[in-house]
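Take a look at this one chain, the form predicted alone, written out in structure tokens.
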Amino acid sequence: MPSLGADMEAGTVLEWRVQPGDTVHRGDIVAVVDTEKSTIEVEVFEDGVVEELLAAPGDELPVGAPLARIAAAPAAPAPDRRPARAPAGTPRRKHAEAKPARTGTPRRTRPAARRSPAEAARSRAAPRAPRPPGAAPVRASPLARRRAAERHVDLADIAGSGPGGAVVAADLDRAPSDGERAPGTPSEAAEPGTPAAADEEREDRQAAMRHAIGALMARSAREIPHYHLATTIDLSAALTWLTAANERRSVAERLLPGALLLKATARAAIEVPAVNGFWVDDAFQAAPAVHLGVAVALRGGGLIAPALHDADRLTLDELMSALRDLVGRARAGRLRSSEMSDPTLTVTNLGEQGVEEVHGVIYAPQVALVGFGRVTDQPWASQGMLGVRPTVRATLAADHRVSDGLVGARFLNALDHLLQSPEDL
């Protein structure tokens, strides 16, 4: 079970995308798991052949517990380059040469799957005992499993009303608990399968997500020595360039100001690497690439920050396309495990909500968080002239164990400088 964030302790297997005997490669989706925040597609880390699935759909496993056993793919047999033996009585040709066997086009090597330092540190966690052979898998939401454990209810005895027959929290309100009727009666609890039951399950999931986020942020604020900096950036050059660039694009291909802010942040992180990486085992580990964690507000409530991989290397059009795809899949619950496990620097932008300035809390084990507010027109003095310019407030929350105010100021100055030359982003 991969670690999909510092706040994750366990996940529930929802479905398998592979079966024993299937050949898999790095980056392939092998399973779908449910966490307190979202439904995540799990990628495999190695090439090989699936030997055994160690968890059934519905099993809840702690981070680090094995999900499946994968063996190395068998090596292809070497071609026989010896000349074929001629049948008896057939005269042998002199100086005959065996033609070399034809080889196929080499298969492209898939990029190695990314694993966060937090995930690597948990990889030795004790595995959960496998389900008894022949036991029917029970599909249930994480909240339903917690309630069942608290009430000593066997989920196998509960008729599920969720997707695919999964047991949801509302179903537990009709189950006996230690010989007693569980709190809630048909008149008090929503009927399974009704909109009210769906609303109750959604509220329960939001409560679980808020609990997970709150616990992580409390630990971050308690353990990380934060310092905060802010600056006001003139966006007149950036927005003028953006308007001209969008005139040459269709509506679906137009760039948003957020794309410029993300690209400039990624480039600034390359110039000031002390904000891009992880604090692990009492030491800073600089990240070799910039994978921006983009804070996404979910439609049902809550927040998630999946990674926009290699943001500094993407063109603005590629970044805009990747951002649309990432936000869409985040809100649809179709994120990949690598997108949740390896953000190196998180960016939150609340400008669309009318917020002028954001002071964030670092998402451990990262060491910095960048915030942007809304674009506002402000009086601006330049070259002895006073005028009105579009501006944005950019903030930085950083870890004092890794950097200090001087380094943080260098990062914000680099960010400002990059946004003054948008054509170079």
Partner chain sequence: MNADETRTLLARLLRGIAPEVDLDTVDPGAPLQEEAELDSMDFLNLVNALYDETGIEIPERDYPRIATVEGFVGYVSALSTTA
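Note that this is a predicted model, so its numbers are computed, not measured. Residue numbers count along the first chain shown, from 1.
Separately, the form predicted in complex with its partner chain exists; it is not shown, and the next lines address it.
With a 4.5 Å cutoff on heavy atoms, Glu352 counts as touching its partner chain in the predicted complex. With a 4.5 Å cutoff on heavy atoms, Thr315 does not count as touching its partner chain in the predicted complex; it lies far away. Using a 4.5 angstroms limit between non-hydrogen atoms, Leu303 is distant from its partner chain in the predicted complex. Contact annotation for Ala252: at least one heavy atom lies within 4.5 Å of its partner chain in the predicted complex. Only one of Arg151, His228, Arg331, His211 comes within 4.5 Å of its partner chain in the predicted complex through a heavy atom, and that residue is Arg331. Between its partner chain and the residues Val280, Val327, Ala237, Ala289, the one pair within 4.5 Å by heavy atoms in the predicted complex involves Val327. If you check its partner chain in the predicted complex, you find no heavy atom from any of Val375, Ser403 and Arg410 within 4.5 Å. Partner contact region in the predicted complex: 243-251, out of 340-348, 219-227, 281-289, 243-251, criterion any non-hydrogen atom within 4.5 Å of its partner chain.
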